[in-house]
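Read the single chain below, which is given as structure tokens and is the form predicted alone.
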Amino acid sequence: MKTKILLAALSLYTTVSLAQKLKGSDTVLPLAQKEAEGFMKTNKAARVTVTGGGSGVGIASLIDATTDIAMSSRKIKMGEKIKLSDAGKASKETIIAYDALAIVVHPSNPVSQLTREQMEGIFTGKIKNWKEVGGSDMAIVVYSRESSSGTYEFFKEKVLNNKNYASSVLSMPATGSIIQSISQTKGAIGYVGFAYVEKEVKALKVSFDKGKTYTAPSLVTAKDKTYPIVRPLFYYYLTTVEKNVKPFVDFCLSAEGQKIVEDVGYVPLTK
């Protein structure tokens, strides 16, 4: 009888210790979901739940201790670090993959490439018509992620040189919403993680050398760094739960986990 009780207790402990929540970046979301599926197949006691909401939401949940792992497409901010410190908490950062950020338009749009300067002009509101960048006489409808999104902040820093988005830019709550809106709007433009690019939208070639060379987003160009808009994707977790989350994090970093990274459409870590 005592043996059965002990085994039951051990079984309960195993299940609890492998139960964990991930929350945050919509960019990381589809990757984390697939990683969780793979992890749970080989760890039958594991229970991993994954939800989006944006990088800022994930890190806020980490600070509030309502998630075990915060998924983020940007580095943690100083203000967030201070909040953790004030709460007496220490966190760890792990890069789990890389992502190419694609600039997408409606498939019927004749424009196939843009310079960084042209993209800056479009998203800051200086360029308002496609004819200004070699396209049709058609108003540009600009879509962006919400300000809580790490992708929003990365794009502002990398592409807009930290200039503000135009007030006319339409903020969307999720990457899927941007894809859907652009697929239904001929004059639209937006940005999404490369893994989200589907036939309903067209990814543009971009130039960061004032038009000398243009490169399309792909796993190959992201890996060899010829595509200029690539960023790391992060997991953040508290040191107090490290023992609990480490098996899952280690799986994501393993050869099997990194194969999932590539299968889903992200860029694996180079060894």
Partner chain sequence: MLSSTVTSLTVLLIVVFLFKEGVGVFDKTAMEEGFVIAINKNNPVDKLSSEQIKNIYDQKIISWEEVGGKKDSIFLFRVDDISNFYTDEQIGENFEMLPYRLSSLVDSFPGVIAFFPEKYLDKNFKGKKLEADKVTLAEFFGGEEWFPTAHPSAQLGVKPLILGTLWVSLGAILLALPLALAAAIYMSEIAKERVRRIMKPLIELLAGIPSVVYGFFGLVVIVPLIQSTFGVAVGETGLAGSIILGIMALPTIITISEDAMRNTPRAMKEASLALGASKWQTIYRVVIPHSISGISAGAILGIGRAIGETMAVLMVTGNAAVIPHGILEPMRTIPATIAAELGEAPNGGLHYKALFALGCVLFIITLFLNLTVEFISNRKKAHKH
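Everything numeric in this text was worked out from a predicted model, so none of it was measured. Residue numbers count along the first chain shown, from 1.
Beyond what is shown, the protein has a form predicted in complex with its partner chain; the following relates to that form.
- The closest heavy atom approach of Gly79 to its partner chain in the predicted complex falls within 4.5 Å.
- Tyr165 belongs to the set of residues with a heavy atom inside 4.5 Å of its partner chain in the predicted complex.
- Looking at Val133, you'd find every heavy atom of it more than 4.5 angstroms from its partner chain in the predicted complex.
- Using a 4.5 angstroms limit between non-hydrogen atoms, Val111 is distant from its partner chain in the predicted complex.
- Listed residues Thr115, Gln180, Thr94, Ser91 were compared with its partner chain in the predicted complex; Gln180 is the one with a heavy atom within 4.5 Å.
- Note that among 241-249, 53-61, 198-206, 39-47, the stretch whose heavy atoms approach its partner chain to within 4.5 Å in the predicted complex is 53-61.
- Contact here is defined as any heavy atom lying within 4.5 Å of its partner chain in the predicted complex, and by that definition not a single one of Pro107, Gly190 and Arg231 is a contact residue.
- Heavy atoms closer than or equal to 4.5 Å to its partner chain in the predicted complex belong, across 169-207, to the residues Val169, Leu170, Ser171, Met172, Pro173, Ser177, Gln180, Ser181, Gln184, Thr185, Lys186, ordered by sequence position.
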